[in-house]
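Only one chain is given next, in structure tokens, and it is the form predicted on its own.
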Amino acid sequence: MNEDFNFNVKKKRPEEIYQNIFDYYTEQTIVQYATSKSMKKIQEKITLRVLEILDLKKKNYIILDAGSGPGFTSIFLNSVGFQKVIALDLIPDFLKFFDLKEVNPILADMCSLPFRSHILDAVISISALQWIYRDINNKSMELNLVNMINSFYNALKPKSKAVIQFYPKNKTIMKNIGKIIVKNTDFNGNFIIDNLNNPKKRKIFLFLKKN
């Protein structure tokens, strides 16, 4: 990660205002999110960037969309030829928006994946990590992050990769995530930052590769 930069997002995001994700994602919020054409477009654009980073060589790979929400990423992956996509989310009402002919979602916690070892070829997670880890002084969040990363590592096949796009509030949170991963797993990886100096367009990705 390039150390010659700094940022701190002043505007409070939903995950800072609502301690519990279920308090924010009410029925009304879920419908607004799931039916938003602009949100769908943004997610698809991010997914394309994630695919560039992953550089997957085959279309028959088993890909997990962790924290899938209403399935913008999963359905897009399916539409571009990836037929073995597993969508997973903790919020039941999000899963109602899937077309089961395209993707059959799973209701589960991304911090504790319900899969056997070495089954996945790739993990993609978009706009979810900030709900899991956003406070460097919160030990419960740190434990959830450790559980998530270890769960990913266990489910991935050797030499497989994960890309996690998220919205950290500042550089300190990013650095702590990196330290926690190094301390608790054998993942190799780094942060990739697009549009570093443009807060409105800045996108941060965590790239991880299993040994």
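All values reported here derive from a predicted model rather than from experimental measurement. We number the residues from 1 along the sequence you see.
Keep in mind the form predicted in complex with a small molecule is missing from the figure; the text below concerns it.
Of the candidate stretches 52 to 60, 156 to 164, 25 to 33, 178 to 186, only 25 to 33 has residues with heavy atoms within 4.5 Å of the small molecule in the model of the complex. Within 4.5 Å of the small molecule in the model of the complex, a heavy atom is found for none of 86, 105 and 115. With the partner removed from view, the residue among 93, 121, 135, 109 that has a non-hydrogen atom within 4.5 Å of the small molecule in the model of the complex turns out to be 109. Although the partner is absent here, residue 21 is a contact residue: one of its heavy atoms lies within 4.5 angstroms of the small molecule in the model of the complex. Residue contact with the small molecule in the model of the complex: residue 69 places a heavy atom within 4.5 Å of it. Not displayed here, the small molecule is approached by residue 127 to within 4.5 Å at the level of heavy atoms in the model of the complex.
Residue 82 falls outside the set of residues with a heavy atom inside 4.5 Å of the small molecule in the model of the complex.
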